[in-house]
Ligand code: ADP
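Below sits a lone chain in structure tokens, taken as the form predicted on its own.
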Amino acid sequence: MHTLRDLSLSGRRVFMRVDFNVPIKDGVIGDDTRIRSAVPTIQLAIARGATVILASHLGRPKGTPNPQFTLQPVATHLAGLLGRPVAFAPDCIGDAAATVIAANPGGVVLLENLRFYKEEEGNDATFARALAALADVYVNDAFGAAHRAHASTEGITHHVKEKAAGLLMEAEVTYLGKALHHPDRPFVAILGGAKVSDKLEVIQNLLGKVDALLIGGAMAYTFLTARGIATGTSLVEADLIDTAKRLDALAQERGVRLELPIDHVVAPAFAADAPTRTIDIDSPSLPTNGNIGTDMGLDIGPKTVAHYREIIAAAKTVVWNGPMGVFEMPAFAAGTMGVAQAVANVSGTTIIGGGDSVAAVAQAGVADRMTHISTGGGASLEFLGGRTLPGVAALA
């Protein structure tokens, strides 16, 4: 896979697929992380003399122009980050786009939302050819969109002579790829979130690669139920209990430590002001200071945090995707914050994936101590699950 550094860019038009799918309300951007992540690639292309043509999707306009999903506010915000003008094209193909590009040689142009055309998600060849006609070189820096075979991530590559990965795409593939195929050991994966079904492929794939898998969040309760442990009214995916049993057995077979919470913070309702209590997991093999009854588990407890911290401390590679509890509510945030601090203290490679985990390390104030924070979301999950990402494969 070529990268931006491998290309001759002086005087050339670079079509750069970025991921500017950011939250916007009343024209104000709520979180500009994805925009900031693309800045180094944009700056390198500018420094090498390119005209940079940026293309992205935003939201779900369902294949038709909708002012609610215009990228105009992003152009204004990006100009501030770059310290230079960013021209905005009112379309992403055709004369309207080409005219703005021609008027800004050596500059930066942001095209209007790709998903204003249904042909984008349909990976239509004619639409892909129209995108390619705007430029001389194609660069994909949108790892967050790489798991979809769309016109701007896959189709366009059939109509350009040169293609390469941007700096962000390169970093994502490098860090996640090394973790999966050549990790420094011990390799510890931490998975959380609500559902086992969301991370089933990831668990199956990682059980052949990690030394320990630590599970938290509501997804832990499906595994605890599979082990015959009372889980009260906690979220359990009943149709995956047998699957959880098989994964537990597979972990034992492969010598992987599959660790589940040994205590938890429970409450009678999913509410920020619900009365809480911290109890041991009600297991015959563990002492217990209370039964979960009809309560639900909403965070891992301090004993679990200490146990997980001990395993994490010995790791040389850590991949974390998914919170340990409902960390948005202060009463159920301690588990996730504790794990975030533990990962920040690791002397090795630490990779954070998924929007909630990214938000958690930011909330814990340790984001700058992580080796790599993935912008991928669904793409990072599919990559960790062993799937081939069309947007990455298309750059080969």
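Numbering starts at 1 and runs along the sequence shown. In this text the structure is predicted, and so the values were computed from the model without any measurement.
The same protein also exists as the form predicted in complex with the ligand; that form is not shown, yet it is the one meant from here on.
The stretch in contact with the ligand in the predicted bound form, judged by heavy atoms within 4.5 Å, is 320-328, chosen from 133-141, 201-209, 320-328, 85-93. Contact check for residue 193: a heavy atom falls within 4.5 Å of the ligand in the predicted bound form. A residue is said to contact a partner when one of its heavy atoms sits within 4.5 Å of a partner heavy atom; residue 261 fails this definition for the ligand in the predicted bound form, lying far away. Proximity of residue 218 to the ligand in the predicted bound form: non-hydrogen atoms within 4.5 Å are present. Contact between residue 151 and the ligand in the predicted bound form is not found at the 4.5 Å heavy atom cutoff. Proximity to the ligand in the predicted bound form, defined as a heavy atom within 4.5 Å, holds among 75, 235, 167, 100 only for 235.
Between the ligand and the residues 109, 224, 298, 305, the one pair within 4.5 Å by heavy atoms in the predicted bound form involves 298. Using a 4.5 Å cut-off on any heavy atom, the residues of 339-358 that reach the ligand in the predicted bound form are, in sequence order, 353, 354, 355, 356, 357.
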